[in-house]
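There is one chain below, alone, in C-alpha cells, taken in the form predicted on its own.
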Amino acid sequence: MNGEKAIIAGAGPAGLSFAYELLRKTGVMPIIYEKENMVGGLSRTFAFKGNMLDIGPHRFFSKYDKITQWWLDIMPIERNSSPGGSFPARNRPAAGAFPESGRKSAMMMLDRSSSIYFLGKFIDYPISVSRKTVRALGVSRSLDIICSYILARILPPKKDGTLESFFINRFGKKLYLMFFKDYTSKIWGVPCGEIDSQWGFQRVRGLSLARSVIDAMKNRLFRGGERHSGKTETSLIRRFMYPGLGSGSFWEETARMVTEKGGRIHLNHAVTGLKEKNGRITQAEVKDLSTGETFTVNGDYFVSSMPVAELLAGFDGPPPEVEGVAKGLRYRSMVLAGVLIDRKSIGSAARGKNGRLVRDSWIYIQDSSLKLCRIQVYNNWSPHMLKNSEDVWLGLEYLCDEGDSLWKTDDRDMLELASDELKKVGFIKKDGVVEGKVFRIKKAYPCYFGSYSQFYKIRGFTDSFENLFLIGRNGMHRYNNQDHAVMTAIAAAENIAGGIKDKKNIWSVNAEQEYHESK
C-alpha cells in the first residue's frame, strides 16, 4: 500500500468491484462501509431454513467480453455444475449470507425461460411465434396488435419525452395498453405518461415488437443458435451465467478476495456525511449502527454507491438548487415474500409438460387486480438454492413506496396476501399450505420521475469534487444492469490509477447506443 486510502460507501456490486479493481491496479487501500449486516447490496442473497433467496435475481450476462471474463476470474464455471449435474465445492466466506448452509457456490450456465400471466393465461416472454401465443391472445387480438404496430411505424405518435410515447413508438398502442400501461403503473406507482423516456432507453433501448418476433423466429429456426450473439438485445438474452447459490454468493467471494488482498469491509456502518475543503472531499462521517457511535475518517478518494439523495443529505450546505433536486428524487422499494410450498400443493398453472414444475425462472403478473408484480421460481434458477428438492421455493415481488400501506403490512398478513394471490393465478391449490419469510428492501429502484429531469445539477455539483466518484445503480440514480454497475466501478478505479480527473467515462456507461445494438 502507498499510504493512500479510498473510503467507499456501500458493499454492493459497484462498491466491491471498485475495491477489487483498486487493489489490482493501484497501491490505494479501499475501506468499505456497508450499512447492512451482509455484502451484496441489491444483489445480496438471504437464507430461510436452508433455502437461498435472491433479490432479483440478477443474471450474470454482459455484451462486453471484459466483464464476462472479470466474473469468471472470480468464480469460474465448474464442470457438471448445470442444474441437472453434480455441484462441486468451491471456497467461499464462512460468514455472511449463508450461515446455515454448508454448501459451496460455483458459476453455472442457464437457459432463460420466462412468461407473462395475462387474461388468466401464461404467454411466453419474450413474445414467441407459436400457436400457444396466438391461442392465448386470440386471432382477433393478435391481428389488432400487428395493425396497431404498423400504424405506429407509419404514423408514430409525437415524442413527448415520456415512457408512454416510447412504448407506443416501439410496440404500438394496442400492445402498450394491453401489456405495458397497467403493469408499469403497478411497478412504479405512477402512470407511464409521468415517467421520463430515459427509463426506456436505459432498459430496452433496442427492443421493439418487430425485433422480439424476429428474435423468436430465429430461435425456432436455428434452435437457439443466436443466443450467444452480441447483437441480441439484452432483454432477449436466452442464456446466461448464474452462481449456484445465488447472486450473493458471488459477491461474498468478491468480498473475501478484497479482504485477502488487504482491503477492509465494515458491516453495519453507514456513511452519514462528507466534509469538503478547497474542491476536495477530506473526511467522511460514519455511524456504527450496532453501537450508535459516530466518528470521522480521513481519505484521499471517496466513492459512493449509496442512494444519491442520502449522499447529498450528508453534505454541509450544498447549493439550494442541488439540495432541492436531491430531495425530489424518488425511489421504489420492494417487499419480497419468500414462499416455501410442498410440491404436492402446486396448482395446474405451475405445472408444465408431464405434470412437472414449469420451466420458467420468472413470471410477470400482468393483472392489475393483483398487487403481485413478479414470481421468481428459484428451483429453476438453481436447484442448489433449495434444501429439499421436493419443495417449491418462490420469491414474490411487491413494489411499493417506503412507508406506504403495503410496506407497513406485517409479515403474517403479507404471507397471507402472497398465498391468496398464488391461488388466484392457479399456482397453488386452494388447500395448499404456505410458509415463508418476508424481506423489505429500501430503494430497490431509482425512479425516472420526481426531480429526475434536473439530475444534471447533482452531477455537476458532485463532479466538481475531483476525488469524489459516484458509481452503481443507486450511486448514479440509474436503473442499470449488474454489468453496468461493475463497469462504472472499473472506470472509476482506472481513473484513479491513471490520475484522470474527468468523470465522463463513468457517466457514459450504458449511455452509448452501441451497447444495446452490437458487441
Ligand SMILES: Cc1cc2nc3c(=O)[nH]c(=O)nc-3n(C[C@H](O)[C@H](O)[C@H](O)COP(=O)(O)OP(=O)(O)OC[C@H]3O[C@@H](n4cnc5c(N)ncnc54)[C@H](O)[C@@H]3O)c2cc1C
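All values derive from a computational prediction rather than experimental measurement. A residue's number is simply how far along the shown sequence it sits, counting from 1.
Another form, the form predicted in complex with the ligand, is not on view; read the next lines as being about it.
Chemist: Of these, 275-283, 306-314, 347-355, 138-146, which stretch puts a heavy atom within 4.5 angstroms of the ligand in the model of the complex?
Modeler: That would be 306-314.
Chemist: Taking any heavy atom pair closer than or equal to 4.5 Å as contact, tell me whether D463 reaches the ligand in the model of the complex.
Modeler: Residue-level check for D463: no, no contact with the ligand.
Chemist: Quick check on E36: any heavy atom within 4.5 Å of the ligand in the model of the complex?
Modeler: Yes, E36 is a contact residue.
Chemist: Do M52 and the ligand come within 4.5 Å of each other in the model of the complex, heavy atoms counted?
Modeler: Close contact is absent here: in the model of the complex, M52 is far from the ligand, nothing within 4.5 Å, heavy atoms only.
Chemist: Whether P30 contacts the ligand in the model of the complex should be assessed with a 4.5 Å heavy atom distance threshold; does it?
Modeler: Taking the distances in the model of the complex, the answer for P30 is no, it never comes within 4.5 Å of the ligand.
Chemist: Given that the ligand is left out here, which of R374, K181, K371, K423 has a heavy atom within 4.5 Å of it in the model of the complex?
Modeler: Here the answer is residue option R374.
Chemist: Taking T45, G244 and V392 as the candidate spot, are all three within 4.5 angstroms of the ligand in the model of the complex by heavy atoms?
Modeler: Zero of three within 4.5 Å in the model of the complex.
Chemist: Going by the ligand in the model of the complex, which residues of 480-505 come within 4.5 Å of it through any heavy atom?
Modeler: Those in contact are N480, N481, Q482, D483, A485.
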